[in-house]
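Okay, so here's just one chain, in structure tokens, the form predicted on its own.
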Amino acid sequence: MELIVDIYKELKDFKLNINLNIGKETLGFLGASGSGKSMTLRCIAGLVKPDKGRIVLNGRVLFDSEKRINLPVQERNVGLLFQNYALFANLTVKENISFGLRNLPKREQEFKVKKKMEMMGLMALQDRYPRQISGGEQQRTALARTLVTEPDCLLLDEPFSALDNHIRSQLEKELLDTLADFKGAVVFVTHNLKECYRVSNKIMIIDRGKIVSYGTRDQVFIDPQTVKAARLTGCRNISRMEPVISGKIRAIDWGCDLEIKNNYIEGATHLGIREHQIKLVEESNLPNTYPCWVAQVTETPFTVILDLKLQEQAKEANDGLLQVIIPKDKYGGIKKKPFPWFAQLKPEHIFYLKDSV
């Protein structure tokens, strides 16, 4: 099972240039709204024609600009689950699921649809219309309709975006169970970082039609490589940098010199560190440890986000601040201590970034 995509298309605001190769796995497609994620899915499904390139699924050519091959949607055997589910309002749950099987004998249709409804927990809802079921039930219906045709490839375009958090979490677990049994490649479009990490084996980050990071989910989050990729994976602590002496660099925006490890990349222009990897410590003589003052505190139900200024108190908002996240119960003891506190940026947690790909 293999999906190969190498396509180019000129869009209104940018050029879409995507190259990917995945097997029986889930590729998380991450990027800001309007970056080309959904357009890529539409090209794979055959709803949009690329300007040039190739799309090959399990050895079968779906699109080849040089050979003038462009199979219609119904011949590609690609399942696309839209963001809004695109259910037919005048058809029941059962009729929606069976819609793609219209050319099969009635008995075979009934068998396949019943099997999918049982798997997705929809048997009791089979005679209801989309307006009579919840958003989560609509999502399950749309997924069942997509899977019942036994596609070779599954394309999921932000399938949870219209759901509240509780339903979202429940359906994410159901989707993971479904994907575990799926035999083909899956491309999962989302802008939710945590969701992308939980569902995907690999992650591709795109910005304005261009790939800025691609690898296993851990590679992409631990070492995003570019400033764009770091920001798109939620990194809030990024500073310009310059070399000082061998083994040390200066974080220009944070106003400190830092020891570096062997993950330094040649040509790096910036450095970053995740907010949960900065530690408030008791000892001031640990590597990369500096006195700090709190500029702002933001509380959430279970965590506290601190904006810290190293070396001195902040004189104005966004004055080279570092963001740190700590458990709420831990903050209760820390906040009673007099300033300065001490923040450590361990060398092994710092990653180095290029300004562009």
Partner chain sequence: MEFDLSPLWISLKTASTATVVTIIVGIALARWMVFGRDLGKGRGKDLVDVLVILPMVLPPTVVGFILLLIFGKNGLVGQLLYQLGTTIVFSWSATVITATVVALPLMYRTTRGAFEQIDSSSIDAARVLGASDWYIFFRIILPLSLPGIGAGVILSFARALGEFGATLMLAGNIPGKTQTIPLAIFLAVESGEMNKAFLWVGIVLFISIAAILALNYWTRIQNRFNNVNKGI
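Positions refer to the first chain, counted from 1. These numbers come from a predicted model, not from an experiment.
Below, we turn to the form predicted together with its partner chain, even though it does not appear here.
* Asked: Judged by heavy atoms and a 4.5 Å cut-off, are V5, K9 and G53 together in contact with its partner chain in the predicted complex?
  -> Not a single residue of the candidate spot has a heavy atom within 4.5 Å of its partner chain in the predicted complex.
* Select, from the options 236-244, 182-190, 266-274, 89-97, the stretch whose residues sit within 4.5 angstroms of its partner chain in the predicted complex by heavy atom distance. => Among the listed stretches, the partner-contacting one is 89-97.
* Any of the heavy atoms of L80 lying within 4.5 Å of its partner chain in the predicted complex? -> Within the cut-off, so yes.
* To do: Decide whether L47 counts as a contact residue for its partner chain in the predicted complex under a heavy atom distance cut-off of 4.5 Å.
  => Yes.
* 4.5 Å heavy atom contact, T149 to its partner chain in the predicted complex -> T149: contacts its partner chain in the predicted complex.
* **Interface membership of N84, its partner chain in the predicted complex, 4.5 Å heavy atom rule** => Although its partner chain is absent here, N84 would touch it in the predicted complex, with heavy atoms inside 4.5 Å.
* **Sole residue of M123, V73, I222, L286 within 4.5 Å of its partner chain in the predicted complex, by heavy atom** => When its partner chain is considered in the predicted complex, the option within 4.5 Å is V73.
* Asked: Out of K173, R131, K194, R107, which one falls within 4.5 Å of its partner chain in the predicted complex, going by heavy atoms?
  -> The option sitting close enough to the partner is R131.
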